[in-house]
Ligand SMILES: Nc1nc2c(ncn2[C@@H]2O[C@H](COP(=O)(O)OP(=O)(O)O)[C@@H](O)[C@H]2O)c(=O)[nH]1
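Next up: a single chain in structure tokens, the form predicted on its own.
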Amino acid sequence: MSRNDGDGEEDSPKPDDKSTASISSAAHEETTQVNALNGGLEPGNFLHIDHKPRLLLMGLKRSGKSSISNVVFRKMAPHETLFLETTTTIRKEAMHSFMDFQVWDLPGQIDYLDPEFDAESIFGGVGAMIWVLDAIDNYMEPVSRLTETILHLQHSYPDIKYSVFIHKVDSLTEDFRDDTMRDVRQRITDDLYDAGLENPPITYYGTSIYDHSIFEAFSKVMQGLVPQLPTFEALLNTVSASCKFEKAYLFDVYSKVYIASDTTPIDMKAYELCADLIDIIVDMSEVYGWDRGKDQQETDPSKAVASQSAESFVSNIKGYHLYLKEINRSAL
């Protein structure tokens, strides 16, 4: 994204302006909440209907899995998660974007390594698993459980990609946070190496629900499941070069997860401003928006598609210019 410390307002972004570009996608129709599965742990309760790529949220109790899910996918304020009850059943969230996902929040008290447990109903077809680890608690047991889980799944489900969210790092000093993340990474690597598994497909992120780090981490995990990622990156590179933007993102607006970006380095300050702009646009559209479905029925289809495009330009916010352009599946 380009930085401009000058003052002044502009009515609309110019193609040759070195302005910050935030390209936001309203590609999903709506982020929907799927009710928690009821009943016991019978295999039939977990059989999914839509066969969408699944992302599992796993970890021990009170590690922060449900808080993460509610903040990212239900727009819950972080302080409200203090009153959440312990998850006792699998809870599913649906993310409708260029690629539809299911995010499953798995209870921490269940022993998924039990030989009598139907692992296929949970792990079959899973694209990625996120292990949430509480950074301010004793993490020896979570590390041990994670390595046991990976070793148990690696033989039957070798294509699963693993990510470790070292969570609640906002409570640690910067030096202690770096030491904790380094120690967790080293312990997991050593335990897996001792068990005969070298170079496992694991990525590590320090996260907190009180800043944008959780959205950045989810974005990276999601991108690993998008087969069209190289194409999206190439297209965004073309947009940035043509319009002289310094950075371009393709966002899922409701979750603030970015599906792709151009290949220039991420500027976290600019990314946070883009995410905040999306929040403002979404909140305003809920008050001042109009029923697009109704307009589509009353106008020519080609014009209806064109009328669905929305845009916003904000000038000189902390030295940045932000441009948001809405696209959807009909416009692709």
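A quick note: this is a predicted structure, and the numbers were derived from the prediction, not measured. In this text, residue numbers run from 1 along the sequence as written.
One more form of this protein, predicted together with the ligand, exists but is not displayed; see below.
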Can you check whether Tyr157 is within 4.5 Å of the ligand in the model of the complex, heavy atom basis?
no
Check whether Leu56 has any heavy atom within 4.5 Å of a heavy atom of the ligand in the model of the complex, and answer yes or no.
no
Residue-level contact is defined here as any heavy atom of the residue lying within 4.5 Å of the ligand in the model of the complex; does Arg177 satisfy this criterion?
no
Wondering, does Ser255 line up within 4.5 Å of the ligand in the model of the complex on heavy atoms?
no
Are Arg145, Val184 and Gln186 jointly within 4.5 Å of the ligand in the model of the complex, each by at least one heavy atom?
no
Can you say which of 110-118, 192-200, 241-249, 76-84 gets within 4.5 Å of the ligand in the model of the complex, counting heavy atoms only?
76-84
Residues from 55-88 in contact with the ligand (non-hydrogen atom within 4.5 Å) in the model of the complex
Leu60, Lys61, Arg62, Ser63, Gly64, Lys65, Ser66, Ser67, Thr81, Leu82, Leu84, Thr87
